[in-house]
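Below, in structure tokens: the form predicted on its own, a single chain.
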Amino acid sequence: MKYMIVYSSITGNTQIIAKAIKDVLNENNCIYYGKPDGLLTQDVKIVFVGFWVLRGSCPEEIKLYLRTLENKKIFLFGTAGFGGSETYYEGIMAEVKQYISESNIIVDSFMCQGKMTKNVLERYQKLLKEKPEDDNILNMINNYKDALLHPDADDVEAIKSLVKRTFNNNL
């Protein structure tokens, strides 16, 4: 069965996960791998859609792309700077799913932590100078440092295993 992997990646995190998906599937059945720029999806039944998290959702280009999909099986995947909270990840997926037409079927989803841009750390450090006693800001800085290590080998293995289980090597 033909499939596509469409993703948006700023720091390379989501691209790592997209490549892991592609590596585990039959490459001959992949009709497209890349950004959602003006893409037509008529001849494909399964679309893997990846995104980085922007304010608890996906970036605008992914929102616009998801709105174009009709009668597809969709596998969502994303990377977020904040990690370690399944509740947070579930909230992101719920937010992103609202851009998907009911004619589609969401077959599965995957989220993991990913490194953030340096300006995020700079913003946190500025906040810490303003409020040095704020433990929450220290926690955000520690999370930033933890995120620098992701996606890691465990994240890559987790997405590969999930894709294998979901599609039983039928792609």
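Please read these numbers as outputs of a predicted model, since none were measured by experiment. So that there is no doubt, residue numbering starts at 1 and follows the sequence shown.
This protein has a second form, the form predicted in complex with a small molecule, left out of what is shown; the following refers to that one.
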Would the small molecule be touched by all three of 2, 32 and 36 in the predicted bound form, meaning a heavy atom each within 4.5 Å? no
Here the chain appears without its partner; judged in the predicted bound form, the stretch of 100-108, 133-141, 55-63, 24-32 with heavy atoms within 4.5 Å of the small molecule is 55-63
Can you tell me if residue 80 lies within 4.5 angstroms of the small molecule in the predicted bound form, counting non-hydrogen atoms only? yes
Looking at the partner-bound form in the predicted bound form, is residue 116 within 4.5 Å of the small molecule by any heavy atom? yes
Under a 4.5 Å heavy atom criterion, is residue 10 part of the interface with the small molecule in the predicted bound form? yes
